[in-house]
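Read the single chain below, which is given as structure tokens and is the form predicted on its own.
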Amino acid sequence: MENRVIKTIKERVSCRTYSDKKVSLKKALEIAEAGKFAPSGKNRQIANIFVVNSKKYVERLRKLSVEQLNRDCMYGAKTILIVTGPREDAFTFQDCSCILENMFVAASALKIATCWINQFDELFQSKDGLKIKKQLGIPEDHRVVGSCILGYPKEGTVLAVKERKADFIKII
């Protein structure tokens, strides 16, 4: 009998086509809470999770993406979990990455689709981006390591686990 946590991890896939159905704030907070329990270097817990559930701010972020990248990097998702940490801290990438992974697995367990979005740190460097970053309450000295978009796949979307390399694991 396969462990259900391991099964959830193996079945998790990224979704890039979302329906108009929004994830409830309660579920978004449950997923963020799972991120809060990720390991952190020296248990300093230096990262922050910003739950962007407001239609106003989701649309502002979408508009910023379209203006700067000529595409919606959120693929129509209505909820974004932005994970940040101090720009100059040696553990920021590691700590934030662990948080993101916990949230991806938690969302998958709740049958909520996700995708890792990397563009926000770059988008927040522009004049409009800096303004939005400040309005969201993200500290000036923090970088966005990644974001977890949440939603439900658009009808007809097929999400399938991709083949993994045969020589991925090395035994020494």
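Quick caveat: nothing in here was measured; it's all calculated off a predicted structure. Counting begins at 1, following the sequence as shown.
Missing here is the form predicted together with a small molecule; even so, the following discussion is about that form.
Q: Using a 4.5 Å heavy atom cut-off, which stretch among 27-35, 43-51, 118-126, 58-66 contacts the small molecule in the predicted bound form?
A: Selected range: 118-126.
Q: Check whether K21 has any heavy atom within 4.5 Å of a heavy atom of the small molecule in the predicted bound form, and answer yes or no.
A: Judged by the heavy-atom cut-off of 4.5 Å, K21 is well away from the small molecule in the predicted bound form.
Q: Given that the partner is absent here, does R12 sit within 4.5 Å of the small molecule in the predicted bound form, heavy atoms only?
A: Yes, R12 sits close enough to the small molecule in the predicted bound form that at least one of its heavy atoms falls within 4.5 Å.
Q: Hey, in the predicted bound form, does R16 get a heavy atom within 4.5 angstroms of the small molecule?
A: Contact check for R16: yes, within 4.5 Å of the small molecule in the predicted bound form.
Q: Hey, in the predicted bound form, is F91 touching the small molecule, heavy atoms inside 4.5 Å?
A: Answer no; every heavy atom of F91 is more than 4.5 Å from the small molecule in the predicted bound form.
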